[in-house]
Structure formats: structure tokens, C-alpha cells
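Shown here is one chain on its own, the form predicted on its own, set out as C-alpha cells.
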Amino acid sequence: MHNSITLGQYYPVKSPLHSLDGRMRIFVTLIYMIMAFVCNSAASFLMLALFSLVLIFISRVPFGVIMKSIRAILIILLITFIMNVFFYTSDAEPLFEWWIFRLYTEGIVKAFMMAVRITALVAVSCLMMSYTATPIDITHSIEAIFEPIKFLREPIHSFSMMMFIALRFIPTLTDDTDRILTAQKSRGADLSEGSLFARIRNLTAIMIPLFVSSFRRADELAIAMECRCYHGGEGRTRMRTLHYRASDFVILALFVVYAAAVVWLNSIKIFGY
């Protein structure tokens, strides 16, 4: 089960994306996500797919590892594709019609574009914010970005610390779930049989021990932090200071070129799309 969880997993290799400054990482990821929603032509979607493949290539993260994040959303992709194909309305002559379902050529194209958009968003988001960056790098970057608003007395450090702890313990909670499932099955529990409501009711045998384990782990962590005299971000220093480098601005330029290409390609139609 834990192999299907990609959030919080880091793939340790050397690449331009791995060495990217965390603040720049967040900024260029936002550019990518915005431009993914700006795409509205076949040419711009082709650019989106090609740029995503370029990012995967320069990250040196194996394509099979990226596919883990895609497999986790296959059901969502399938449902989205079917709904866009069969519930798309148009004044054109349908290719196929049965009952309330009508199949249009434009509907198939729009459904394919939506599938490309969702796949690219998930793959690149996991690549930029998980596989090529550790959770502590992300949280330090978020804290650095919101540093200017500390004068508003907002608990920026506490928010960043909570995010880091949440990301850090996702794999741990997944391992706990696997362990509880194995323990319940060894006691003869069959969680895959019965009606839908029976399966949901059987989940209590997993959720209750998982919640108990999570609260116990949180209590132990709080005690450990108090024993080490942790008092938040007051007077706290960092072992690694964030600095922009020339390579960061090269990556930024690459994303700016991508954004400009998407805007330009939106005006170009391929086979009418």
C-alpha cells in the first residue's frame, strides 16, 4: 500500500531540479499549474505534455516512479474522461447516440485534453514538490516566502512546522495502516466481503487502532519537543540558508518560455482544435 503513496517521498539523485531553491521551486510550480489551466487548444496541450516530459527527463527521476502518482488517480481520470465524452453537448451531428448518451468528436477531443491536463498536473506537482524536494526544504521555503508578513504576528513558523510534521508522518501512517491490516487479517477478519455498508462498517477495525496509534505518536512527539526545550521559531537559526543561484534563474527562464509558448499556441488550431 505504501508504494502507492507519493506525497512526501523523496528520490535522492543529483539533477537541476533537485538543487533548485525552494522558493523558486514553489514559484515555478505555480506558473506551471496556472498555464496548465490556461491551455485551450490542441497545440498548447501538446506543449504542456512535451514540457512535462522535459521536466521528468532533466529531473533524472525514473519514469516508473512518476507513474506511481499517475496510478493513484486512474479512477478519477477514467470517470472524468467518461463524463466529458458522453455528457458533452454540441449542435453538431453526433457520432453515436443511445438513450441520453451522445458521442461527439469534439467531446472526445475535450475529454482527452482534460485527461492530459490532470495527468500533467499530478505528475509534475509530485515531481516538483515531492520527488525532487524533501519535506523540510518545502516547509523552510514556505516560511521564507511568508517571512515579510511576520509583523502581523501570524504564526508562520508554527504553520510551517505543522506542515513539515504532516508530510513527514504520511509514510509512517501508511506503514501503520499496513501493519493494522495485516494484524486484522491474521485474526481472520475479511474486510473485502459483504455489501458496501458492511465493508464501511468493517473499516472501524482499522480506523480506531490507527487513530489511537496516531494520537499516541503525536503525544510522544510533543513530549520529545518539550524535553528539547522547543519554543517555536523565536531565536531559531538554520543549518542551511536559502540562496538564489544562477541555475535557479535558468530554470525560471525555462518556465517563462513555456508560459509564453502556451499563450502563443492557444491561438494556433490543429485540425480545428
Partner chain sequence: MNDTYDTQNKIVLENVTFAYNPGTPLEKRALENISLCFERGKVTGIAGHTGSGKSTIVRLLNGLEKPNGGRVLLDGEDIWANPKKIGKIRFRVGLVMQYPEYQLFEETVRADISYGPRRMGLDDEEINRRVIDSAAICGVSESDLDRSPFELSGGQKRRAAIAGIMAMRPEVLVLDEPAAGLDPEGRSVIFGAVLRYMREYDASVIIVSHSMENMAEYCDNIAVLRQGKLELSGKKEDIFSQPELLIKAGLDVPEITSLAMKLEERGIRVSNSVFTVGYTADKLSALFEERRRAKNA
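Positions refer to the first chain, counted from 1. All values reported here derive from a predicted model rather than from experimental measurement. By rigid core we mean the largest C-alpha set that fits within 1.5 Å across both forms.
There is another form of this protein, the form predicted together with its partner chain, and it is not shown here; the text below is about that form.
J.: Establish, in the model of the complex, whether D190, N202 and I208 all lie within 4.5 Å of its partner chain, using non-hydrogen atoms for the distance.
T.: Affirmative, all three are within 4.5 Å.
J.: Consider the chain as shown here, without its partner, and state which of L103, M162, I79, A183 has a heavy atom within 4.5 Å of its partner chain in the model of the complex.
T.: Among L103, M162, I79, A183, a heavy atom within 4.5 Å of its partner chain in the model of the complex occurs only for A183.
J.: Of I34, M67, L53, V212, which residue is found within 4.5 angstroms of its partner chain in the model of the complex when only non-hydrogen atoms are counted?
T.: Selected option: V212.
J.: Even though its partner chain is not shown here, does R71 get within 4.5 Å of it in the model of the complex, heavy atoms only?
T.: R71 lies outside the contact set for its partner chain.
J.: Does at least one non-hydrogen atom of R216 fall within 4.5 angstroms of its partner chain in the model of the complex?
T.: Looking in the model of the complex, residue contacts with its partner chain include R216, since a heavy atom lies within 4.5 Å.
J.: Using a 4.5 Å heavy atom cut-off, indicate which stretch of 175-183, 120-128, 141-149, 105-113 touches its partner chain in the model of the complex.
T.: Stretch 175-183 is the one.
J.: Look at S247 and decide if its Cα position differs by 2 Å or more between the shown form and the other one after superposing on the rigid core.
T.: No, its C-alpha moves less than 2 Å.
J.: Spell out whether the Cα of D176 moves at least 2 Å between the shown form and the other one when the two forms are superposed on their rigid core.
T.: True for D176: a C-alpha shift of 2 Å or more.
J.: Please state whether F57 has a C-alpha shift of 2 Å or more between the shown form and the other one, with the rigid core used for the fit.
T.: F57: C-alpha displaced by less than 2 Å between the shown form and the other one.
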